[in-house]
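For reference, the chain that follows is the form predicted on its own, supplied as structure tokens.
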């Protein structure tokens, strides 16, 4: 799925377009850069370590500071930068890193580009914006929830919205749990293949998931379609509970899923991070994407898992 190039219509709109990508060496960013380059876009990647970045992304133009990034005069910016939210427990110092790598960088990016602002900013956010709720179903019309993840996303989106005062069209993609070759499913594959997988806690918490092909598709539509503006939920049309998610993964791998992970263990090890990211969730639907005619490449969870694990 990921090797399929853009449609001719989208590729034509992106050809020769100067695009700045932050977070261009990450799980989403590296795939996005490759697709944009195949479409003929003029892609610049802002990175702290150009030598390391070249090992991940071939043949891209790299810059290591905001002044050099501004000098490329990008007409479009895709801001995916941010330290991994689930990489480490949320200590006070880690929370500061998570905030600075998203909110502070986005503000600095605006300051650097204000003399020649881009036509469009596509800024990453996450479904954590809505907080956690076992009952409600959320669309882009809903406001922010409570908790650290919701506050982080809210501040990040506010920093991105400041680009609108420069005349830029701003798209805030609230991305769900991303499935694709590598990533989260790769880490889950070994224990599940050994028959050691199972639900997390009671398993009734929602997992609003999305396949990487649709994250890329939504970014590309956001870059080229002026109807995409404001908040856009980058989630598949049908969220799953954690119990259904793990049962489906077991089905795809032909293994039982009989070993649940006790909630108290995760709370002891990870604290608030476990509570917000693993033991609770939100049922998020992509209303704006559907209303704007986006057709999901991978709307079915089982098919999306098979596509992710087939290589």
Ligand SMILES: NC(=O)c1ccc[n+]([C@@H]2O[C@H](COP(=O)([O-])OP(=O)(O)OC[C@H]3O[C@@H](n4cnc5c(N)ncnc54)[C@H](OP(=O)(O)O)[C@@H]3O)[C@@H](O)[C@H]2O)c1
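No experiment lies behind these values; they were computed from the predicted model shown. Numbering follows the first chain given and starts at 1.
Omitted from view is the form predicted in complex with this ligand, to which the following refers.
J.: If the cut-off is 4.5 angstroms on heavy atoms, which of these, 97, 73, 227, 104, is the one near this ligand in the predicted bound form?
T.: Flagged contact: 97.
J.: Considering 159, 85, 113, 231, which brings a non-hydrogen atom within 4.5 Å of this ligand in the predicted bound form?
T.: Checking each option against this ligand in the predicted bound form, the one that comes within 4.5 Å is 85.
J.: Quick one: find which of 198-206, 113-121, 237-245, 77-85 has residues within 4.5 Å of this ligand in the predicted bound form by heavy atom distance.
T.: Careful reading of the contacts points to 77-85.
J.: Does residue 125 make contact with this ligand in the predicted bound form, using a 4.5 Å heavy atom cut-off?
T.: Residue-level check for residue 125: yes, a contact with this ligand.
J.: Given that the partner is absent here, does residue 254 sit within 4.5 Å of this ligand in the predicted bound form, heavy atoms only?
T.: The answer is no: residue 254 has no heavy atom within 4.5 Å of this ligand.
J.: Can you tell me if residue 171 lies within 4.5 angstroms of this ligand in the predicted bound form, counting non-hydrogen atoms only?
T.: Outside the cut-off, so no.
J.: Heavy atoms within 4.5 Å of this ligand in the predicted bound form: does residue 178 have any?
T.: Close contact exists here: in the predicted bound form, residue 178 approaches this ligand to within 4.5 Å, heavy atoms only.
J.: Only counting heavy atoms and a 4.5 Å limit, does any residue of 22-48 reach this ligand in the predicted bound form, and if so which ones?
T.: Heavy-atom contacts within 4.5 Å come from 23, 25, 26, 27, 28, 29, 47, 48.
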